[in-house]
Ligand code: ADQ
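As structure tokens, one chain now follows by itself in the form predicted alone.
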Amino acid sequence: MPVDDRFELVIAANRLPVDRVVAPDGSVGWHRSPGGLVTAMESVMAGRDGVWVGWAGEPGEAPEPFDEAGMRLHPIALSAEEIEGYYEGFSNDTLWPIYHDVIVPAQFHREWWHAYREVNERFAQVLAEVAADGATVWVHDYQLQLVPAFLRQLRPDVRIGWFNHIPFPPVELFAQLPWRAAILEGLLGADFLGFQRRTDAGNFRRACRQLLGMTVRGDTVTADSGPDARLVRAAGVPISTDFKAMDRLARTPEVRERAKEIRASLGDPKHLLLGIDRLDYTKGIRHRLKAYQELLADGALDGSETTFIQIATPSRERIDAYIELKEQVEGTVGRINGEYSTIGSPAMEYLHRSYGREEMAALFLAADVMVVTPLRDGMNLVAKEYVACRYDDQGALVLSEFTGAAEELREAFMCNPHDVEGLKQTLLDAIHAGPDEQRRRMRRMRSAVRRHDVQTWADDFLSALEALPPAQHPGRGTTMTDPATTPAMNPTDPTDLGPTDVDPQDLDPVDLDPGLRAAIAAVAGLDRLLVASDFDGVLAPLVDDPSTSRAIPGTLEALDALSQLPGTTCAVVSGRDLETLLALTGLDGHERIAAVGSHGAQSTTDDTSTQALTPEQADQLAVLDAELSEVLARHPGVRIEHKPAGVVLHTRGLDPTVAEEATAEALVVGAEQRPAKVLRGKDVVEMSVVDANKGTALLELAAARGSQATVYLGDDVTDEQAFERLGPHDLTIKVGPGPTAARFRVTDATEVLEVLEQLLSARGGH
């Protein structure tokens, strides 16, 4: 293949992002395909030196590579037999049911597995041909789980990422697959594995540990063994939609006028409900239609005033389960219309086809209630697209709690779609929500989607992949990184988080203050002890970019060793949000060390609860977000961090004059937005709408565990609240200079390790 036909970014998915169409005059063309993956990746490919590799959608010889919609597309050939075995069979009749909670029984056939393996190998061969030296290859979804390992054998020089757009099942379900080991080994050929939710990533890591016996630490799996051992990272990186494009489209005069036409064509119903799904048994279409039918039968809704539009995009029409589903849905729609429709006012409008983005945006604007009720879904971008289109801050979203979107769109009307009575009540709550409640909920959801759009998702994923240490790739002159010193990846801002440059053997011996040594010995003899520490500036040195913060080797290990001693509770207490703290420390899933984030508002232990926001607090948080975003716009280089209950302005590393001006403006915002709590720390101003602090969190944790004393190390202004709340029997240690209420002081983070090791030794550890 000519050098010009090799690319720096290679995307691989089962399908190309276009469908072949034949015009009435016989000419052949291509149109953009529907679906979440296409929507998400379209903006990723724009402006990049990239190629998309996938099947063109029809059996037989593959077309020659071509350009369409600004993308270079490289088709792969599949025979009719391969489509039946690899796609309809193994992908959609074996894997899909297992990965979606076995809503329908999975089918296991060896000939399907052989077809799946052969097609995956063919994909890998083509990827090896089109990838430039050292290229980034991003493989997508469950149809191509063997590609990473095949590709690594062919091209060890490339960086390989894989993203799963559907759920990854618990090990108890995944273990049913006869080919479970081969699938895990295929995925472990990648450098970085992305999942829609942290729980999905955790399911994968548990499967590696339980089914393959591999070592799992934090979000990493140690693949292979001996000199070939590699670290594979698996983390949650939730996908999103193109917020700006959808918002802009919804505001166009054409789309707004079309929305009015849609309502008028249905008799201008008082209530217009909308469902847009692939016709798939995982989408919960039957459940929602049953709930709607019962609401009409009960008289809770009037069919002459209410219309439900259900768009069901055709899907997998040759698979028996889908054929049966289509018949059931169409039968239910017919019964609803036969019993409850009036002339000019249909109770149901059922459309078995797909629509373009303009029509979708008009439907979103027209609908009073968007009904998204899958029984299980990886993300569900329709929910986010609806939110992005509602620039008027109106409309209500009914959302299944079993979607990935439910973790971000917390202000939706949540439901369990299996509970038909509960679903009926949720639909009524959404229908009858007043304008003020709709506005409050929609503003928060739009803020969430705006902050985390599809480009943020792609940048997060690709940054995580590209930031991997060179040791991951053979032939680059380095050895493998020791997993004990490699921190976890930060899924919210994945940058270079490789091992710290500090080697414990290079540190000068530390001679602690005699009074501190005596205090350590005193608390070490207690039966029940809480040992807690801040993260930044204590376990990890302060750095200009907070996303690159890494613990000094040995500090987290010393805490872990302490946590294994009888009567000893250990915790890391930080102002960072819990998800980021878990990622930086690798404590996700750690059963012995508690992680307390957002100054005590979040915790991995039930002993300190996460505080739910009231409507008033959520409204104030949205205002704080908007005000600090304006400060950011006026002062380039300032960084904004979003937390579940607060917003943080970071100025570390900036010109002192710029930092001072931005800080002053932020403090004015805080003063104007009382009762928000304002915390000023080292190069940060944090505003929180909940009254949480480290001192209260430590006291609650100590009381819950029956600790007789607490050891706490901190360096920042926010740690002073803990030093002040703890008593004279506790051991409080300030790290670094500055006034303090702590009893003792150490110079910097390197001395923290000595404190922990002396405490470990005095308490009977090794």
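As the structure is a prediction and not an experimental result, all values here were calculated from the model. Throughout, we count residues from 1 along the sequence that is shown.
Below: the form predicted in complex with the named molecule, not depicted.
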In the predicted bound form, is there a heavy atom of the named molecule that lies within 4.5 Å of any heavy atom of Asp219, even though the partner is absent here? no
Determine whether any heavy atom of Gln125 comes within 4.5 Å of a heavy atom of the named molecule in the predicted bound form, and answer yes or no. no
Within 4.5 Å, heavy atoms only: does Leu539 come near the named molecule in the predicted bound form? no
Tell me, yes or no, whether His165 is in contact with the named molecule in the predicted bound form, where a contact means a heavy atom of each within 4.5 Å. yes
Testing 583 to 591, 382 to 390, 201 to 209, 679 to 687 against the named molecule in the predicted bound form with a 4.5 Å heavy atom criterion leaves exactly one stretch, namely 382 to 390
Under a 4.5 angstroms heavy atom criterion, identify the one residue in Tyr340, Trp179, Trp96, Phe243 near the named molecule in the predicted bound form. Trp96
Looking at His114, Arg353, His109, Lys260 here, can you tell me which has any non-hydrogen atom within 4.5 angstroms of the named molecule in the predicted bound form? Arg353
Taking the named molecule as it sits in the predicted bound form, which residues of 179 to 214 have a non-hydrogen atom within 4.5 Å of it? Please list them. Gln196
